[in-house]
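There is one chain below, alone, in structure tokens, taken in the form predicted on its own.
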Amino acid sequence: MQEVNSPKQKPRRSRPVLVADAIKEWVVKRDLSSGDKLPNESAMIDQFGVSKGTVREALRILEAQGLIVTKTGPGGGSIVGEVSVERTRALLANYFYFQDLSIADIYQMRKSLEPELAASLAGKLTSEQILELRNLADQYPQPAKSAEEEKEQHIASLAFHSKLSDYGKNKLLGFIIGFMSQILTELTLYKQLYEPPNYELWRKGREHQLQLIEALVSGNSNKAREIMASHMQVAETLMKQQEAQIVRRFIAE
């Protein structure tokens, strides 16, 4: 019988999982790129000393992760795939679904990272990128008249931040910020934080977006950082108020 205070043992990893890891290591060591071909099935059986079934299951695991693509028929086989941003964010979202993230958790990250992203983009965006941001900011020039319209405004506002994350040169920074926008969107929808419509959230959000665009166009990185920091602080306060209002209404009901 296991002692109460003994450390929890990690579950044993199956042989196909171990072989999948070995294949990934093999790919990394050879610096293979998307589209490069993997050894055939027989070669893998010999190389890893396992059965055909184990190799096939390992390849299925890697394919489910988006790391390889398997083609059947003449000239078929497995090639190195490229994991999409969408798939990666979806997998991370599945993990954080069970972590009970709060508005405060998300904004702790946003307040640290998004002002720096904004500063890094000042004076470096193309006219097409600026136009995309203007179109998003102009999508809802008037406050919402219904909960449904408020929901669409929330989504559009977060799409503005996702677009900024796409423009950054630092792909890791951009990925994290884009992911935070995604999970905040999902949290907003799940908790119905768009109901009732919040005029102040719309007004301050749109005001900050328009000010930020002008700072980005002028190349004023300090101003861009300042505007985004203010936007994050105001948005966090108002979103927390919205969340508290939903909780109070739920309790009252």
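Numbers follow the displayed sequence, beginning with 1. We call the rigid core the largest set of C-alpha positions that still match within 1.5 Å between the two forms. This structure is a prediction, so every number in the text was calculated from the model and none was measured.
Note that the form predicted together with the DNA isn't included here; everything after this is about it.
Visitor: Report yes if all three of Pro16, Val50 and Thr72 come within 4.5 Å of the DNA in the predicted complex by some heavy atom, otherwise no.
Guide: Verified in the predicted complex; spot residues all in contact, yes.
Visitor: Work out which of the listed stretches, 203 to 211, 24 to 32, 39 to 47, 181 to 189, brings a heavy atom within 4.5 angstroms of the DNA in the predicted complex.
Guide: Result for this chain: 39 to 47.
Visitor: In the predicted complex, does Ser221 have a heavy atom within 4.5 Å of the DNA?
Guide: Judged by the heavy-atom cut-off of 4.5 Å, Ser221 is well away from the DNA in the predicted complex.
Visitor: Whether Thr54 contacts the DNA in the predicted complex should be assessed with a 4.5 Å heavy atom distance threshold; does it?
Guide: Yes, Thr54 lies within 4.5 Å of the DNA in the predicted complex.
Visitor: Is Gly77 close enough to the DNA in the predicted complex to count, meaning some heavy atom within 4.5 Å?
Guide: Yes, Gly77 lies within 4.5 Å of the DNA in the predicted complex.
Visitor: Is there a C-alpha shift of 2 Å or more at Glu214 between the shown form and the other one once the rigid core is superposed?
Guide: The answer is no, as the C-alpha of Glu214 shifts between the shown form and the other one by less than 2 Å after core alignment.
Visitor: Once you line up the core, how about Leu67: does its CA shift reach 2 Å between the shown form and the other one?
Guide: False for Leu67: its C-alpha shift is below 2 Å.
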